[in-house]
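Taking the form predicted alone, here's one chain by itself in structure tokens.
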Amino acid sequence: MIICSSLSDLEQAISSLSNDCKIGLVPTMGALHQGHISLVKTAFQYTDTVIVTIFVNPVQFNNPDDLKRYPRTVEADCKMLEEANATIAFIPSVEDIYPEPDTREFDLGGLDSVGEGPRRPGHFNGVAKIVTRLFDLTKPTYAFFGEKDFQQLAIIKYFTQKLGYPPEIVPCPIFREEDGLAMSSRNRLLNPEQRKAAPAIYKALSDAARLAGQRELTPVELIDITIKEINNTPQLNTEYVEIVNSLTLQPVTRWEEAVEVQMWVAVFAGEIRLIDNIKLK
């Protein structure tokens, strides 16, 4: 595996690849876990050349404390990527990615008007900045993103198509711990009591999916039940639960309003914010 810690390193590494090489891009913020490695494995099903980026993107954090708290484990990350046979690990500095302030404002098609959008102002615009920048630098044929960030995935698909970027966006299933907790770099910040409580989030989502299948409750009623179930678990405090059209991301109040329906949640375990989602229909 080639480790590139500067733009010149990356350019040299990419120039050494064959001209007809198809590149698979796996963007990460580091603190890697098996969920990230599953993206790398999926990427190798599409191409023999996989670039993994490790960059904690400051412009997508609207909370400075959250940025400061985000785990950074570059040495361990590189070891994991080496074992996964990644072709290139690109670990740039902030100056490499943003040599000057990035003032771009992206049209996100209103997909940022719900869910994480109102709670994290500017977050998705920051995601668009880093993703398009990485597209420009690595020129991938494919880019791989996890479905745990369901809204982010939909937004990336939208602006990639709208702006005419060539990569095919490949969604990858949520990778979970044995107890159901969605794998996340933030999980390592949980204390033992919070970690023990956290799987209740997925249990509540699974219960909601089962109840949704019976169609005896309205989406609004199901949201209320899910919030109560999560909040009944010590250590957990629900920020929001929403049921949305999987394509438009707009709230659904009747099951007949959409062919595909998703429930997504954000839950605090102490100060650690966890997100998850599940298909209801």
Ligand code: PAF
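Don't overthink the numbering: it's just position in the shown sequence, from 1. Keep in mind it's a predicted model, so treat the numbers as computed, not measured.
Absent from the display: the form predicted together with pantoate. The rest refers to it.
Among residues of the shown chain, residue 236 is not one whose heavy atoms approach pantoate to within 4.5 Å in the predicted complex. At a distance threshold of 4.5 angstroms between non-hydrogen atoms, residue 145 is in contact with pantoate in the predicted complex.
Not displayed here, pantoate is approached by residue 149 to within 4.5 Å at the level of heavy atoms in the predicted complex.
Within this chain, residue 28 lines the site of pantoate in the predicted complex, having a heavy atom no more than 4.5 Å away.
For the options 155, 208, 127, 86, the one in contact with pantoate in the predicted complex, meaning a heavy atom within 4.5 Å, is 127. Proximity to pantoate in the predicted complex, taken as a non-hydrogen atom within 4.5 angstroms, holds for one residue of 60, 38, 248, 49, which is 60. The candidate stretches are 216-224, 252-260, 28-36, 239-247, and the one lying within 4.5 Å of pantoate in the predicted complex by heavy atoms is 28-36.
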